[in-house]
Every structure is written in C-alpha cells, then in structure tokens.
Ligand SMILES: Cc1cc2nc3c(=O)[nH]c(=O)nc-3n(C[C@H](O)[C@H](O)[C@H](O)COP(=O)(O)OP(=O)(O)OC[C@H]3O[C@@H](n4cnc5c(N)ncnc54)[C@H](O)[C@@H]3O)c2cc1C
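Only one chain comes next, encoded as structure tokens, the form predicted alone.
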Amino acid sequence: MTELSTTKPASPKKRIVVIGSGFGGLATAIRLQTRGFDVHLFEARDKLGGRAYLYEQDGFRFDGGPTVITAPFMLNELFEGAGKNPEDYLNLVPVEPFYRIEFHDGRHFEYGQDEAATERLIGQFAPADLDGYRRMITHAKAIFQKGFVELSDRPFLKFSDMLRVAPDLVRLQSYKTVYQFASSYVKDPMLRRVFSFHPLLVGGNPFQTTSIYALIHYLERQWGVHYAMGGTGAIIQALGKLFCELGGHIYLSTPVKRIVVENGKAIGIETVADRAVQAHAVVSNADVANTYLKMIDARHRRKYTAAKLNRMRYSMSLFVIYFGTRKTYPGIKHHTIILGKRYKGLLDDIFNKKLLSDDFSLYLHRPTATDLSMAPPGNDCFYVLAPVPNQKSGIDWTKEANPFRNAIMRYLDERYLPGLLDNIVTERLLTPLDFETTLNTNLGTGFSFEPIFRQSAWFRPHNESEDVQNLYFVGAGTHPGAGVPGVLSSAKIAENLICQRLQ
C-alpha cells in the first residue's frame, strides 16, 4: 500500500474513507478535507484518475477518460474553496471549434463559442432550420436553468423531492427524448444528428435519453469547451497535489475488498491485503453496481439486490484505440465526431440488440491540435473511440478486438488520416473487457446506468445509500449522472450530506 501524503491532522478528526480517485472521488476528498475531516482516499491502480487514468508510452501521453471539459468554474471552486488560486495548478484553455462533425456523405458541420458564426453555418447548411434552431436554443436554455443550475447539485433522497419538480419537468417536456427534442425544431436529418449526439458523451442513446440532457448543448455555450494543458491527466495531478497539500492521505495500488457494515452502518473498509480502516463514513467513487455487488454483503442490501441491479439498464461500453504517429495531421481538429451512414439503427444495435455491427460512428480526439507536449516533436497524438455494446452482449473481445481495430484504422486511413497505417509508432487498445476488469465496471460499461428518465434524479441510485447508513456515492452511477460537470456536482452533494450528518 503506497501512501502519498505523510501529513497528519493536528487534532483528532472524524475520518472519511473515499474509494476511488476519479473526478468524483478526488473532488469529494478535497471538499471534505477542506471542511475539516480526516480523509483517506484508496485507489486500486498505480496512479490517480480512475477512468481519467493517464497512459504514458514511447514519449506520448494519452488521456484515458474524459477529454471534453465544460463548466470549468466547477474545477476552479475546488481550489478556491481551499484558499488556493486555480491558475497556480491548472492552465485551462478554450477549444475552438467545440466539435467538427463529419457526415458519411463528405459534408461536415462545425460549431463553437461564436453563436453568430453557428447561425451563419446553419443558414448555409439548412437555411429553413435557422428559426427552429433559435427556438431550440431558447428551450434548451430553460432546460439548462432548471436541470443544471437548480437541480444538478441537489440530492433526490425522497420521492417528494421528485414530485416537487415534476411540474417543471413536464413543462420542459422531459418525457421526450433528446432526438425528439431536436427534431421538433430542426428538420434537416444531419442537423438533427448534430444537435442530438450529446447523450453519447454521458452514456445515453439520443433516441432513449430524456430531453433533460439537451441542456449539455447550452452548457457548452454558456462556458465553452476547454482543455487543460498537459491533458486531463494534468487536472487529476493538480487535484491530487491539492488534496495532499491539505493534509489528505492517498493510498495507491490498494484495492478495497469490502465495506464493513455493522448494525446497518458503514464503519470502514477492508483492503485486499486485509487491512481494516475504520471510518465515520465511506464514500464510493467506484462503480455503483459493483460497490453493491462486490463490496457489500447481500444481507445488508434490501433494495439494491443482485436481482434489482441485473434488471436495470446499463450504458454502452467503449472501444478505444490510442495511437501516436510520426506523421502530423494539422487539418484534424481537437474534437471530431465522425457519424456513419446509419444513426438510429446503429444505436439500436449498440444499446438494445447488443450487436457488434460492421459499421460504426467514431469520436476522434487529437490533443496535439492544442497541446504539442502530448507527443514527441514532429509526432501526432490521437485516440479514436467507438461506442459498442456492453458485456451483456456476450461478445468475445479476445477474438473481436483486432478485427474491429483493423476496420476502424483502415477507415480512418482511407477517409481522414491518409497514410495512417504506415505511420503508427505506438498504440494501445481499451475494450469492454478492460472496462469490466481493469476499470471494474459492471458489464464493462463506460458510464454506469443508462440515463433514461426512469433512471434519473430520484430514480437513480441516491448519493446517500438507501441500504447502508453512512455510505455515500459519487460519480457517474449516482445523481446527477455521468460527465465531468455531473460527477463534480455529485461531489458537492456528498459533501453537503456528510457535513449535515457528521458535523
């Protein structure tokens, strides 16, 4: 067990154990340490980050997890709350355009912070949709105000919490899907895809995800899309540094075997090395389903039984290829969404039929478009991500990984990165099997539970466990959901709940 911090509290404090060092775990640890608790953070892997792990090989740096950073103020407030200047730790820069969306027919669409420029492009691409787009943005702003500003950092612990906001949710048409929402305002089939793909960034199918998630588009407009120089890994390192400076304790390469429960209360944890650590409360940033299934004995779980967890709907998984090239591709933007010919049919294969299709849609990330330090001089750094079915599919990735990888790389070589296959100098794969084992997510999901309406807000696993007292959840699987802003909001909720209970 490797402890990074040797700072000890000056006087006895209530101890909190945090399991997992993703954005949610680190943010919660920082908030609670700032509030005077003695926080001990346990991470199974050899570095901080969870799904935001940083892979380093052959002089390249690959961000394992989230690369689209929105609402940067939520990161800044972690430092400011501790009396620190965030600029001393992080260099966040805007990304323009936010995305370049490539269509199968050779056309493309870009949009960014400049709303007038976006409207001009819509006027050129589908002029009949310009007025509808403006009305869509007005509606999205109202959803953003309610869903993000008012509700994202508020816990939904009682059904009455849901009933209070139900009239607003109905008024905002949250019963619609994101695709239905976009389609009610724009008619061009390609623009409907442009303004409905965002749920995929948080594990949802645009044809099934509640239209509350249309707020993502407005959230991007409100504060922009950002990148941390040095990559997402630089954010994780900065948060870890801050936590240690505050006196927090980090234990790397220390998987937690179980949460110790007595008389219905979490009283600590036990590591795989059989070390027992007592605590006044436990916060899990691990996968919610696996926390219940693997870390808490079944006799302590009246609500989240194995049967209930098996009935829930889970997000898709991801197939990711990280690669570096000796050739540079200056024409490729920082964030490129490559949409295949099929849209609804492909998503149906992934989410519902659990089929690995011959076709795919892709997210191509090129951090070297903004930050040359991510690759050796004269080289380029990429990852390409394909949404794929989770492990409920039964796909044998030990057999399917290489053929699927080859199909994607050939496609990129032929369409977007000429000469790619002859210029790869380093590469690594992350498959659903890795999500299930190395990242320890139930069914190898990329984003935990699927964000459909009946698994959102009160219907989602609560931030305060309904089965075990003094156990709290942060991260993608609890309220408000996946994505960096959602995960950071869950940390704020956990902080407030723990302070109400223990201070």
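Computed from a predicted model, the values in this text were never measured in an experiment. All residue numbers refer to positions in the sequence shown, first residue = 1.
Note that the form predicted in complex with the named molecule isn't included here; everything after this is about it.
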Self-check item: Contact residue in the model of the complex, from 256, 267, 338, 137 (heavy atom within 4.5 Å of the named molecule)
Solution: 256
Practice problem: Using heavy atoms only and a 4.5 Å cut-off, determine which of 62, 449, 473, 42 is in contact with the named molecule in the model of the complex. | Solution: 42
Quiz prompt | Stretch in contact, per heavy atom within 4.5 angstroms of the named molecule in the model of the complex, of 303 to 311, 394 to 402, 380 to 388, 154 to 162 | solution = 380 to 388
Practice problem: Find out whether any non-hydrogen atom of residue 489 is located within 4.5 angstroms of the named molecule in the model of the complex, and reply yes or no. | Solution: no
Quiz item: residue 318 near the named molecule in the model of the complex, any heavy atom under 4.5 Å?
Solution: yes
Quiz item: Counting only non-hydrogen atoms and a 4.5 angstroms cut-off, does residue 444 reach the named molecule in the model of the complex?
Solution: no
Exercise. Considering only heavy atoms, tell me if residue 457 and the named molecule come within 4.5 Å of each other in the model of the complex.
Key: no
Exercise. Using the arrangement in the model of the complex, list in sequence order the residues of 18 to 50 with any heavy atom within 4.5 angstroms of the named molecule.
Key: 19, 20, 21, 22, 23, 24, 25, 42, 43, 44, 45, 49, 50
